[in-house]
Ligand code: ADP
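Just the one chain here, the form predicted alone, laid out as structure tokens.
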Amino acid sequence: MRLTDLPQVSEKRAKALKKNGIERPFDLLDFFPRRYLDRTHIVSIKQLRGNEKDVTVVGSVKTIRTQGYGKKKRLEVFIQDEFSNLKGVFFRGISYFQNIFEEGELVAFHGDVKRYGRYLSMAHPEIDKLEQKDSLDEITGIIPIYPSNKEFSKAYISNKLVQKWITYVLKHREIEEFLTKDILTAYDLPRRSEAYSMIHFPEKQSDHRRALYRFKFEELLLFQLSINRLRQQNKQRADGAVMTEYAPNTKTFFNEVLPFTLTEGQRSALHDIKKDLRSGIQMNRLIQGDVGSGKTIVALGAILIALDNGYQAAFMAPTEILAEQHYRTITEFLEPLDINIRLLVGSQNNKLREDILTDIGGGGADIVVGTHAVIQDQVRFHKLGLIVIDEQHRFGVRQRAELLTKGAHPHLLVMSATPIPRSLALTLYSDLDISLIKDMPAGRKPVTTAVRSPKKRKEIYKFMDRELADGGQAFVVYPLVEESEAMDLKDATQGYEQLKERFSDHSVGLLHGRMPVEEKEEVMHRFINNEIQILVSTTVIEVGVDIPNAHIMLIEHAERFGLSQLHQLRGRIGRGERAGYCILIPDGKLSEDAQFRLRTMAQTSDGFEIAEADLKLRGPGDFMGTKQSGVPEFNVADIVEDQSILQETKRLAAQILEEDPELESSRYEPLQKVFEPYFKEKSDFYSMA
């Protein structure tokens, strides 16, 4: 069956559906409503007094008009039910909202109600468009509201039309069940066919909630089965080299060379690593620690153990700048030892590259530091025993698994400076054993964090003048590259021009993600060498960059950043002898969430505390922020919100695989038919970098 076989599906509508991931009619079944309108929960505008929260009202659009000028310009959309009217007010994205409303159409507004003068209003309400020909009297029962966008609007794809197509598909497709009867009974799950009807045509509120639970459960069960298969594959792949820690370089480094004592967290992580290296099974371990917790020293301990046992080690970073930074750090630490360290990056000339490759292949290179290029096929190691990966979230699960096949099946140690609550880490990194470093090395200077009004900018700049005159350096971070019409935010390019004029006695540089790689690296090198004193940047500097002399960070429009993002940005400073200062400048009236984020940043520098606060604040799905490689995408389940279902499916997956490891029995044959294509399709995210 093709999309155009559905009633009233033209080529234009088929194209709009495909743009939204609906390639076949059956895909419509998984096109779930984004929310539901319950007629019993719709409030008459006449009943409102002007202090209500989370209210849904329905009315016809009567008037669309713009008011005010400049920063005070706003769009006002008046809707009217049979008794009264209410005003929706939009301060941002005016041109967008102006084009999506039509006079006479029926819409639902959802939000907080306030009274200004004689008008009841909602600021930036959630909007649901209903059928233009409907009347309020025709809104009965529970109405599913499906996701919509410009393509749908242009193709005149409405809620009713989507439901019509779904009804057609349900009549013409047999929905096969792949969970066993005893699983359905034990977890009180509806059958799959029943769940589809309940989620698209609920008769009561509990219907779509129960159906959604069923779909989350099955998706997380398939995920847990996938993780179990990956872990099993890793265990079966090969035995690891047996390494002992009592060797010359290791003992000399920790007893004579290292100028400080390891923290308890570092010692614990190193103990875990030594246990892995002695076990005879390939190590596949994650060291998770906050910015500045000393993960690199622990990694060096593992590297020296490998070297002392006659193996080579590779140290990988996601960018050339970070690779060069690690090369300098490792070389400096290991200078007293007779160890050959080579840097391998793409920008090197052919002659140097050939020399490095010969050194690696001949066994002369003990440690190779570089980007992921160090483990590509053309790089031949003499005897590779250990691979260390920094900022591991840039590398996918599948890539990590492939690394275990390199050389003589080397041990793998990966590091992450992104604090994640342990319950979540166990899900995201289910293929890894985890060591946490929660304490900080002695002498690490705390960063003073302050929230300041834009009115204090003159005083802030005077403070920066004094610090820069004393030889310091500063980051100034903006949320956007160029000015956006949708948001009245200062952008990095505009800020760069203004700061160049204000700090004319100092060198000011600009760095953002749209710049060519070579240009970005040139700017960073100049900042590292103190040829640039103020670096104006977007969040491209969020992870990994280590410039000890940079001790001031000024974050503009700080309310626009998430907690974890603010913490990662702050981690770029306070890494040297100077005390660090992070100044957060919000703009405009702050929401309760924004106030909470800024207050948390000012009160604590503990990344794990911040991660827990961020998890509670954002909840569903948004915790990880932008998409990260190695993190699976779910259609309906949520790794944060659905931890209880995760734990249930984890236990069930283990039980199923203990009973039938290959899902070969007739009992699990339906599950195996669904699992195999799922595993193949979802494994795409494992190879992201």
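Sequential numbering from 1, following the sequence displayed. Remember, it's a predicted structure, so these values are computed and weren't measured experimentally.
From this point on, the text means the form predicted in complex with this ligand, which you will not see here.
At the 4.5 Å threshold, heavy atoms of V113 stay clear of this ligand in the predicted bound form, well away from it. Using a 4.5 Å cutoff between non-hydrogen atoms, T180 does not count as a contact of this ligand in the predicted bound form. Among heavy atoms of V169, none comes within 4.5 Å of this ligand in the predicted bound form. Although the partner is absent here, D546 sits close enough that one of its heavy atoms falls within 4.5 Å of this ligand in the predicted bound form. Each of S293, I297 and P441 comes within 4.5 Å of this ligand in the predicted bound form, counting any heavy atom. In plain terms, the part of the chain that comes close to this ligand in the predicted bound form, with a heavy atom within 4.5 Å, is 254-262 out of 118-126, 600-608, 254-262, 517-525. Interface residue among F91, F333, F463, F201 relative to this ligand in the predicted bound form, by the heavy atom within 4.5 Å criterion: F333.
For the options R575, R192, H409, R452, the one in contact with this ligand in the predicted bound form, meaning a heavy atom within 4.5 Å, is R575.
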